[in-house]
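Consider the single chain below, provided in structure tokens and representing the form predicted alone.
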Amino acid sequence: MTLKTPQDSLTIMNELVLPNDTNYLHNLMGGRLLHWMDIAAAISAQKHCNRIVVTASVDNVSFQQPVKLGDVINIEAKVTRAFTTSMEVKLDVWAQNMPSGTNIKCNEAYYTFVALDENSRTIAVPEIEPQTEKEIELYNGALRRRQLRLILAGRMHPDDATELKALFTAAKKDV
């Protein structure tokens, strides 16, 4: 399997916030943004593995600023780490107000996707090799985020989360 870089999976998606996308306050509905983010993240994961992918989890979606009617949404998605059959995708979302020229970060999240073969069975995905300091930082943190997701989903016992435990063990030594 070919080794890939996070940049290989970079996906940039833009959407114009129209009246049908907003609530009574003329702010973008959160569900609409999550839908767009899911599409961008899926494209990023598919670029990484060249397979059909399905959303396995969405975590830590942080709505930081309201997005207004007429703003342009810019979603950047990139695979941060590949595990055996799954990939973590980080998304950064920006809202640009064209008349004022402002561009604010309004959301970020991590999505996890699983690759499937033609029989809808999970299939191995290529490894990823981070290139920049930021990509290395995200790559290293991905295992801890994965362990936390698995614990919260009841699929991992906290005692088995070695990377997470190491964080707390190191913190105790510093105190």
Ligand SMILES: CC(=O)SCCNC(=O)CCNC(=O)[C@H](O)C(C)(C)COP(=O)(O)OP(=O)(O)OC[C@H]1O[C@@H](n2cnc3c(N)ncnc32)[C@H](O)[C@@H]1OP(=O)(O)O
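Not measured: the values here are computed from a predicted model. From 1 onward, residues are counted along the sequence shown.
Same protein, other form: the form predicted in complex with the named molecule, not shown, and the subject of what follows.
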property: Any non-hydrogen atom of H157 within 4.5 angstroms of the named molecule in the predicted bound form; result: no
property: Close approach of K47 to the named molecule in the predicted bound form, 4.5 Å, heavy atom; result: no
property: Partner contact for Q96 in the predicted bound form: the named molecule, 4.5 angstroms, heavy atom; result: no
property: R32: touches the named molecule in the predicted bound form, heavy atom cutoff 4.5 angstroms; result: no
property: In the predicted bound form, the one of N140, T55, Q64, Q131 near the named molecule [non-hydrogen atom within 4.5 angstroms]; result: T55
property: One stretch from 132-140, 64-72, 24-32, 109-117 that, in the predicted bound form, holds residues within 4.5 Å of the named molecule by heavy atom; result: 109-117
property: Residues in 83-97 close to the named molecule in the predicted bound form, defined by a heavy atom within 4.5 Å, in order; result: F83, T84, T85, S86
